[in-house]
Each structure stands twice: as C-alpha cells, then as structure tokens.
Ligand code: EPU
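First, one chain by itself: the form predicted alone, in structure tokens.
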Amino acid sequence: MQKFIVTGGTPLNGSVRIAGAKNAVLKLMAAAALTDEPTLLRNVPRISDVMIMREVMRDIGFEVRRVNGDAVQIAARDAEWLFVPLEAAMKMRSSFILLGPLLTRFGHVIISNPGGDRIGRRPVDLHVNAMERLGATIEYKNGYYFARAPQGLRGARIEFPYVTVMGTENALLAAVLARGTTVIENAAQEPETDDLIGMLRAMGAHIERTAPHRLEIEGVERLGGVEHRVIGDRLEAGTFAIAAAVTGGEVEMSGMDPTHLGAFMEVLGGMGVPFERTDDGLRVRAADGYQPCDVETAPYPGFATDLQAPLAVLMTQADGDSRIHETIYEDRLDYTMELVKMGAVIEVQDQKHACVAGPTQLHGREVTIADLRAGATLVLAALAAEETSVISGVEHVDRGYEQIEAKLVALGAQIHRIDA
C-alpha cells in the first residue's frame, strides 16, 4: 500500500499535458479483439487499468505490447483461452467490455461478473440482456457468465431502459460482426463512445448515429486493423481545472477538446471561474471568490457524474450553499465523509442529494480513498487545505490518472508518494 503526503496552500501554476482518456482506451483495446490484423493505439495513458487489460488480453492469447512510448500494439490472431477470471474483474469492472467482441468473433466466452457473485441486482444485466437479444445463450453460475453463440450473432433491436455507456459499447462491439441490422435505442453519446465508433468505422464497420440516442449498425463479415489516437481525458482536464481554481493559481491544459467539457465549463463559469479556450485545450485561473451552484448529474451532454465529486471541493470555497443531485450511481456521495473530516460542511440526504456550505477552510487530515474519482477529490482538497494531509488508497488514483503527482509537482504542488 502507498500513500500521498500533501502539504496544501501553494497556488498551482503552469501547463500540463492531458493524457489519453481512461474511459475510451479500455474499450478501444477491446475493439482490437474484433480483428486478426494488427491494431495500433496512440496516446495510451500509463495507468493501472491499461496494464490490467493488457494482462487479461495476453492471458487470452493476444499479443499486446507497448511501443514508442505512448503507443500500444495489439494482434488478436488467436484466442487460446476465452476466459476472463474473477481476479481481473475484481481489479477492474471494465474487463466486462470483452464480452461483446469475444462472443461475436469467437462464438463463446466465459467471463466473471464484476466483483464476483452478488446478492440482488447485478450491474451488468443490461449487457447480458443485449447479448441475448442478439441471439446468444448465456448461463450464469458460480459468479461467471457462460456465453455461447456457435452460429454467430444476428442483428436485433436493443432498447435500454436508460442510457448506459458501457452497455451501449458492449452491444456495439457485438453488433458490428452480427448478421443483419442492429438498432440500439437509448444509446450513449459520450465523447468516449464516439471515439470507439470512429475507430470501428476505420476498421470497416458500418455504424450510423441516426438520432442523438440511436445507433444503427449493419453487420460486416470481418474487420481490419487500424491505427487510432485516443482522445484526451476530459475528466483529468476537469480535475486540473478545479485544482487551479481551489489553489488560487492558473493552469493551461493541452491535448484535450474543450467541447467535451461543455456542461462542466458552464458550471465553472456560473461559479465565477475565469477560463478561455486555447489552440490545443483550455486555460483556467482562480478568482477572488466563487458563487454557489446547483448541479444535477446526467448522461452526456449533461454534467458528468465523474466530475461531481471533484466539484464538491470547489463548492466548499463558494460564498453560500451549493447542492448536488446524483442521478446515475448509488453511493457516489460516500466521499463526502472524508471531506467532512477535513473541515467541509456537507449534509447528505438519501445518498442522492448533498448540500455543501461555503466558504469553509479545509485542514490537513489523514483520509482514505475509496474509489478513483474520490481519490482525485481528496487530493484536490489536500492541495487547498492548510497543513499536511496523509492520503491512503492511492492505488485507486493510479487506475485513471497518469503520473498525477509528477504533474502536480511540475505545477508547484507539495506532494509525494511513500510506501506505507
């Protein structure tokens, strides 16, 4: 186990290069399993989730290797072992994205339910139902899904009860090699989903977005190799934007598309955070004070659920009460307990609503990270706080942020990693 030691109170100033998007690259790696031709992905972040996916794909029998620094080459010629174990699922829920491409190309796969056997609602039911609509036979036992489609998948109409990003992407990855036409209703329109669509089209897939939340896919017999660049991580960019605002500094971010942060930047503007677009990104600087805001998370183009936790740190510095309404994930407000330890005044109701009072001085404390976005949130709070904080559970941050402490140090932060 490792920890961050953070001494706050230093304004962050300078420029930072935003890494490739975590929420895109794992799906792009999965897409490489749809062809026996080599695929080259560029702008691949050095994060632990990429390493886990690489090892899972290697265990299946694919060739996956780093080349030229930020690139990953994948050759999925043969599958020796169509099995995704529980160990991988426990480390990374996104390993379930391999269900669609492995099933449609090879006709069968055994894949663990993320987190193993669960009581009550399973988080991947929508994925499984989509595969069954496409003609697969799937049996669930002992924490594993045994999926078969020996005669191949066939096009179908898939209507999700609500927008699901990874559910859309899994269905899309299965449908591109299915016979006939597939229509996906309530399809996600996140930039990362469109990045996947762009790569699949370059591989030869026939995909059209005929309405904002509708995708139509005409299956093809085979797909070819491709070279594709991963889009910049809008969530990392949002994190550094908040870092500039809460520390009283100015940060320029490059390597990302500001249009992917439309709803987020609208909220920052409403709070009084000055920003401007640049040729290759965004520049954000601090203001003397901030206005409170009300935020409700929603699928893209709404306010991203992954940015509501970092935004809560800025809310503690606003002049008045701000409110959060989390509509997508259960227990997404658990991080607030750690912020309260640091001096934040937050009232949580029914795990969906929170009221954040401000302005409040934050203080250095010993806190623990529970998940990826909570990790970025506690780092931001520690940077804004007086005194020194000790943050445990930094492995969660490593899942989605490439060398976050090195980037922060380059901006002037006092943060270092130690072995506990």
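Residue positions are given as counts along the sequence shown, with the first one as 1. None of the values given here were measured: they were computed from a predicted structure.
The same protein has a further form, the form predicted in complex with this ligand, not shown here; the description that follows concerns it.
query: in the predicted bound form, does each residue in the set Pro123, His127 and Val165 place a non-hydrogen atom within 4.5 angstroms of this ligand?
result: Yes: Pro123, His127 and Val165 each sit within 4.5 Å of this ligand in the predicted bound form.
message: in the predicted bound form, does Glu250 come within 4.5 Å of this ligand, counting heavy atoms only?
response: No.
task: Evaluate Arg93 for contact with this ligand in the predicted bound form, applying a 4.5 angstroms cut-off between non-hydrogen atoms, and reply yes or no.
output: Judged by the heavy-atom cut-off of 4.5 Å, Arg93 is in contact with this ligand in the predicted bound form.
- prompt: Counting only non-hydrogen atoms and a 4.5 angstroms cut-off, does Leu177 reach this ligand in the predicted bound form?
  reply: Looking in the predicted bound form, residue contacts with this ligand do not include Leu177, since no heavy atom lies within 4.5 Å.
message: Please determine whether Thr10 contacts this ligand in the predicted bound form, using a 4.5 Å cut-off between heavy atoms.
response: No - in the predicted bound form, heavy atoms of Thr10 and this ligand never come within 4.5 Å of each other.
query: Hey, of 365 to 373, 384 to 392, 54 to 62, 35 to 43, which bit sits against this ligand in the predicted bound form at 4.5 Å between non-hydrogen atoms?
result: The contacting stretch here is 365 to 373.
- request: Using heavy atoms only and a 4.5 Å cut-off, determine which of Ala344, Ile328, Ala149, Ala89 is in contact with this ligand in the predicted bound form.
  value: Contact with this ligand in the predicted bound form is made by Ile328 alone.
task: Find the only residue in Arg332, Arg285, His228, Arg133 having a heavy atom within 4.5 Å of this ligand in the predicted bound form.
output: Spelling it out, the residue with a heavy atom inside the cut-off is Arg332.
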